[in-house]
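Just the one chain here, the form predicted alone, laid out as structure tokens.
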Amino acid sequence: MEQVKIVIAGAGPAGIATAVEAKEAGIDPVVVCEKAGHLCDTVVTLFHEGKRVDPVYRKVKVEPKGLLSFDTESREEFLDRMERVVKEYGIDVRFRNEVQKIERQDDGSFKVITGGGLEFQAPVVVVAIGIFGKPNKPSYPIPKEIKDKVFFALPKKPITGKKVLIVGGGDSAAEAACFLAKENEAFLSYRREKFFRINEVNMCALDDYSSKGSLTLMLGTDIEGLEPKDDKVLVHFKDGRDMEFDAVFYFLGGMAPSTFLEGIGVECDGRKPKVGPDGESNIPGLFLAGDLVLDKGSIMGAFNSAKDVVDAIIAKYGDKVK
């Protein structure tokens, strides 16, 4: 497990700006974990070629507070700018390592686990994941009659004594399957013949629950569709089998930010997280930056929120990070 001073979740404008402000304040090492294979995924995926990026928000120019700023430029120029910033400041970005779990330790530090199998321990964590994340859904439709029995995250109210199907082949699916297998008859369906993306700890847990008989691994199975049957979900598999379940859980990648935040213990008011004026959540040492704390997606606002967060980290936790 790597020992660092700050773990930042998300390599968008807020995440990179947080790393820059922290490094320039003498905080090191700082690591940025990013689920995509490039910087600023929201800009890459949602901005069309040549789209204008500017510091004006709702007809008001947002003045910079910190080290990062920019003038009106194209999408491509902005992305090039961010690449240069990362190189200039020596920012350590771990691509294809989505933060999946943040756990508070007994000593007050955090253990951070990524989908790529990395583990970090840090006194401070900054979540800057943006607001556009959402769970991936299957290609076939979910009939409206069973939507209350189909989930894309673990429900807040525990399910017990049921026959449940978990669909997916990553760490999130594995962890959900093991959790549900404690109090239910659980089945894990994955379309490939073997797991490729599950870390060693989760693989051992799957084997353990499977050997106990509380979890059935259904490798090499693919689902054709779902339909209601009485008070159950009837699942049609492409190999011709039909099976009934009380509930079906999909873990196909992606996660709504509110689901992720609530999962790590951040209090939310509806879908909006509760934070102080400096971005600190109800969990001491866990800060939010960027779109999560702004009204809407202003890039200069994201840069400025990073400055506010790092100033607060130094004021409150300077003895732990410097």
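The first residue of the shown sequence is 1; numbering continues from there. Computed from a prediction, not measured in an experiment: that's the story for all the values here.
The same protein also has a form predicted in complex with a small molecule, omitted here; what follows describes it.
*Asks:* Does the 4.5 Å heavy atom contact test between residue 51 and the small molecule in the model of the complex come out positive?
*Replies:* Taking the distances in the model of the complex, the answer for residue 51 is yes, it comes within 4.5 Å of the small molecule.
*Asks:* Quick one: is residue 97 in contact with the small molecule in the model of the complex, heavy atoms, 4.5 Å cut-off?
*Replies:* It does: once the small molecule is placed as it appears in the model of the complex, residue 97 has a heavy atom within 4.5 Å of it.
*Asks:* At 4.5 Å between heavy atoms, is residue 290 in contact with the small molecule in the model of the complex?
*Replies:* Because a heavy atom of residue 290 falls inside 4.5 Å of the small molecule in the model of the complex, the answer is yes.
*Asks:* Using a 4.5 angstroms cut-off on non-hydrogen atoms, would residue 14 count as touching the small molecule in the model of the complex?
*Replies:* Judged by the heavy-atom cut-off of 4.5 Å, residue 14 is in contact with the small molecule in the model of the complex.
*Asks:* Any idea which of 262-270, 279-287, 22-30, 36-44 reaches within 4.5 Å of the small molecule in the model of the complex, heavy atoms considered?
*Replies:* Comparing against the small molecule in the model of the complex, the contact stretch is 36-44.
*Asks:* Closer or farther: how do the Cα atoms of residue 179 and residue 122 compare in the model of the complex relative to this form, given a change of at least 3 Å?
*Replies:* Those two alpha carbons end up farther apart in the model of the complex.
*Asks:* Relative to what is shown, are the Cα atoms of residue 171 and residue 42 closer or farther apart in the model of the complex, where the gap shifts by 3 Å or more?
*Replies:* Compared with the shown chain, residue 171-residue 42 is closer in the model of the complex.
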